[in-house]
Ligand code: 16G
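Below you'll find only one chain, the form predicted on its own, shown as structure tokens.
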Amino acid sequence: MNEEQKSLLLNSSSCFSPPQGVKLSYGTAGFRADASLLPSTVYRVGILAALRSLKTGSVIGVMITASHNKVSDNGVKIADPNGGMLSQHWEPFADALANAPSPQHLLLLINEFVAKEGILMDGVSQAEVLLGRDTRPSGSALLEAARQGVTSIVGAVVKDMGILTTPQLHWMVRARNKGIKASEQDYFEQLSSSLRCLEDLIPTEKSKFDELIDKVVVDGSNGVGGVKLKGLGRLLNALVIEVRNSSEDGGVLNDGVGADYVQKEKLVPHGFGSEDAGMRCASLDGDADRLVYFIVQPESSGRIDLVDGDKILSLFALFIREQLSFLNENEGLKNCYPCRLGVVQTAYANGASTNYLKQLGLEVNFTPTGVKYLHEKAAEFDIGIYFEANGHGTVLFSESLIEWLEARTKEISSGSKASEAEKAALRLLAVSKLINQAVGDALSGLLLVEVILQHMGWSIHRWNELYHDLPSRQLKVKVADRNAVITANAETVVVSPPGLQEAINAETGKYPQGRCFVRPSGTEDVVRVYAEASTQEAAGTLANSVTKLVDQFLGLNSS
């Protein structure tokens, strides 16, 4: 690092003092806290993004958002060259940067890290970082802090992409690094053209199965997703999207609205009521990377029937399995690709969904809780589908499968003369372009759900009847050190303290369809308890019993 670079870093970092007594950690959500605590952290993430760009020789993204958190919070996270999350190898460096107590410590950290990683800081090598933010009032100032962080590295340039959903920024980073046009309009056009292709391939006998099929009512969580969905909707033909709770409507972000609220509370969001009973309704979260559907119950209780991420995963898996069966069974396409389809869940997936997927003959895999684990496992398959119950997930296609589909569909007409195998290849290729390959995306996920329902000829009620969730209950136990509990097998088995898992097994065995696991929280000093059983009462009793076991083994108080 030359003297010019040292001077620039020392001068710029002196304007951003880290908050006293606060230690931040980079996790799945990046850094997230009350917005007033974040200027220094966001500035330093700007530095990290520029260094990451120099290291990889690729465009990197910085997204400023706190997703489903309250409006006074904010956060910041990195989009890596493939549009995915920051490499776990760099997370400790992110933590060290954020918590460096002074400009001098910061400079020392950077010097040591660039030397270890072999990052060339010669002022000639170029770095490029795309910046995006959601609609939070604190976003503008934090984006400026990120810009100053990026430009404190000589040779680094910034491109402000404006107000975006989180998945849009991830898509743009991936597109730029693949040499594809990456504006918001390009994103909209790719989604809308892929949707039209799938609409054109809907079997004619199913195209008008339900008078409500052409309309979906969407809760935008008073966030950025509602605005973007309105813009996207103008490019659509058959599908009508009615958006409520957009950021333009004056409501408070994530307050009584949004996918997180709907999924956890199982209540109608603000702006919905008994007059919407029977309609197909959906809800996005604050930055539009989560999606759940719901059915308003006809009585005025405010209750809903939730159609969550597990049901979305099941719908996608059913459709994709059908297309693969057409490819494998029909002789219309020679040398069929030996496609491996895999489904990835966490232990929090309802047991009924897992049983349904296995009954379909699908390979179901489990990972620890966290999108980074789900995404990494899904990427091992030719087609990997992952979703969390909270509505975050996507479908990943291998590059080799996409190349095969492109080669096989180049000469195919999508008209009525195409064989079922040819139509299936066209559909799968369109799905790979519609669904976001970088990260969970509520907008692309919504469009895929809608067109699959049309293809199947299903109402939301028919979809919701695929299986019935087992009753479940979640509790937590306060602990002094959550690391006292060590788990294995995708967090479903307790390894330490000894004897706890055996006690959990004995208790679980008392209940029909009983299933229970405990795991340390990733963010709080608590141990989380999840239980399922054949009735809600039994699930609650099992959860309470295991909570007492955890307290007994660890000598702690439950809450």
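Computed from a predicted model, the values in this text were never measured in an experiment. So that there is no doubt, residue numbering starts at 1 and follows the sequence shown. Superpose the two forms; the largest set of C-alphas matching within 1.5 Å is the rigid core.
Note that the form predicted in complex with this ligand isn't included here; everything after this is about it.
Q: Only one of these stretches, 190 to 198, 304 to 312, 364 to 372, 463 to 471, has heavy atoms within 4.5 Å of this ligand in the predicted bound form; which one is it?
A: Result for this chain: 364 to 372.
Q: Counting non-hydrogen atoms within 4.5 angstroms of this ligand in the predicted bound form, say which of 401, 85, 229, 447 makes the cut.
A: Contact check passes for 85.
Q: Classify residue 77 as contacting or not contacting this ligand in the predicted bound form by the rule of any non-hydrogen atom within 4.5 angstroms, answering yes or no.
A: Flag for residue 77 set to yes.
Q: Is residue 55 a contact residue for this ligand in the predicted bound form, using a 4.5 Å heavy atom cut-off?
A: Residue 55 lies outside the contact set for this ligand.
Q: Indicate whether this ligand has at least one heavy atom within 4.5 Å of a heavy atom of residue 390 in the predicted bound form.
A: Yes, residue 390 sits close enough to this ligand in the predicted bound form that at least one of its heavy atoms falls within 4.5 Å.
Q: How about residue 514: is it within 4.5 Å of this ligand in the predicted bound form, going by heavy atoms?
A: Result no; residue 514 lies far from this ligand in the predicted bound form.
Q: Between 15 to 38 and this ligand in the predicted bound form, list the residues on our side with a heavy atom within 4.5 Å.
A: Contacting residues: 28, 29, 32.
Q: Taking 2 Å as the cut-off, check whether the CA of residue 59 shifts that much or more between this form and the one not shown after a rigid core fit.
A: No.
Q: Do you see a C-alpha shift of 2 Å or more at residue 529 between this form and the one not shown, with the core held fixed?
A: The answer is yes, as the C-alpha of residue 529 shifts between this form and the one not shown by 2 Å or more after core alignment.
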